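Below you will find one chain, with nothing else, as C-alpha cells; this is the form predicted on its own, and questions on how it binds or moves follow later.
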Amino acid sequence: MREGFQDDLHRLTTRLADMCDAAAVAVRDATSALIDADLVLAQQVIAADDDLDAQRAQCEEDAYALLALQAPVAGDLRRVLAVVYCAEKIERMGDLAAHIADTARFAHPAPAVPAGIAPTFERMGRLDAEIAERVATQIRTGTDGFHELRQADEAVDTLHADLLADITGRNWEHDQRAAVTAALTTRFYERFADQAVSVAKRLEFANTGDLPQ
C-alpha cells in the first residue's frame, strides 16, 4: 500500500512539472505573439490555457483522493497538500500568459507595444519562461531552488519598475492607450514570476518542513 502511495504521488508531481513546462511554453509564445503581432500564435496560447485548467483540476482530484484513501502524515501530507497549492499557482501562470496573448489579439493587426520598449518585454518573457522551467526541474528532482528563483524574480521586478518609470516619464513618446497597455501587460509578467516563486517556496517547505525566508 505504501509503495502504491509513492507511485501515485510521483504521478502527481510529474503532472505538476508538466504544467510548469506548459506555462513556460505559454509565456514564451505569448511574448512572441505580443512583439510580432502574431494572431494565430496568440489564439493558440489562449486555447491551450483550457488544457492547463483541466490539468489543475485533475491534480486536485487525485490529491484529494490520496488524502481520503491513504491519510498521509508528516512529510507525505505536506507533499500532497503542496500539489494542490502549486497546481493553483501554475494554473494562474497559464492565465497570465493567456492575458498577454489576449493583449496581442486585441491589438492585432498592430503590435500591442511600441517597438522602442519591445526588448524589455522580450527580456521579461525570457526570464519568466526560464523561471517556470527551473521550477519544473525543481519538482522533478526534489531539489531546493527558492533562493535562486527569488533572485530571478527580482530581475523581473526591476524590468517592471524600469518600464513603469519610462511610461510615466516626460520622455514617453506614445499616446495614453499605449501607456496603459504597456503598464497592464508588464504587470502580467511580474505576477507570473511571483506565482512561480510561490511554487518554489511551497515545494521547499514540503521537502524540509521549514518555510524559507
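The shown structure was predicted, so the numbers you read here are calculated from the model rather than taken from an experiment. Start at 1 with the first residue shown and count on from there.
Separately, the form predicted in complex with a further copy of the same chain exists; it is not shown, and the next lines address it.
Asks: Considering a further copy of the same chain in the predicted complex, find the one stretch among 108-116, 122-130, 135-143, 86-94 with heavy atoms no farther than 4.5 Å from it.
Replies: One stretch meets the cut-off, namely 86-94.
Asks: Quick one: from 47, 161, 180, 40, grab the residue that has a heavy atom within 4.5 Å of a further copy of the same chain in the predicted complex.
Replies: Of the listed residues, the single hit is 180.
Asks: Should residue 191 be classed as touching a further copy of the same chain in the predicted complex when contacts are defined as heavy atoms within 4.5 Å?
Replies: Contact with a further copy of the same chain, yes.
Asks: Within a 4.5 Å heavy atom cut-off, is residue 151 in contact with a further copy of the same chain in the predicted complex?
Replies: Flag for residue 151 set to no.
Asks: Can residue 167 be called a contact residue for a further copy of the same chain in the predicted complex at 4.5 Å between heavy atoms?
Replies: Result yes; residue 167 sits at the interface with a further copy of the same chain in the predicted complex.
Asks: Going by a heavy atom distance of 4.5 Å, is residue 28 a contact of a further copy of the same chain in the predicted complex?
Replies: No.
Asks: Any residue of 55-88 with a heavy atom within 4.5 Å of a further copy of the same chain in the predicted complex counts; write them all down in order.
Replies: Residues within 4.5 Å: 56, 57, 60, 61, 64, 67, 68, 71, 73, 77, 78, 81, 85, 88.
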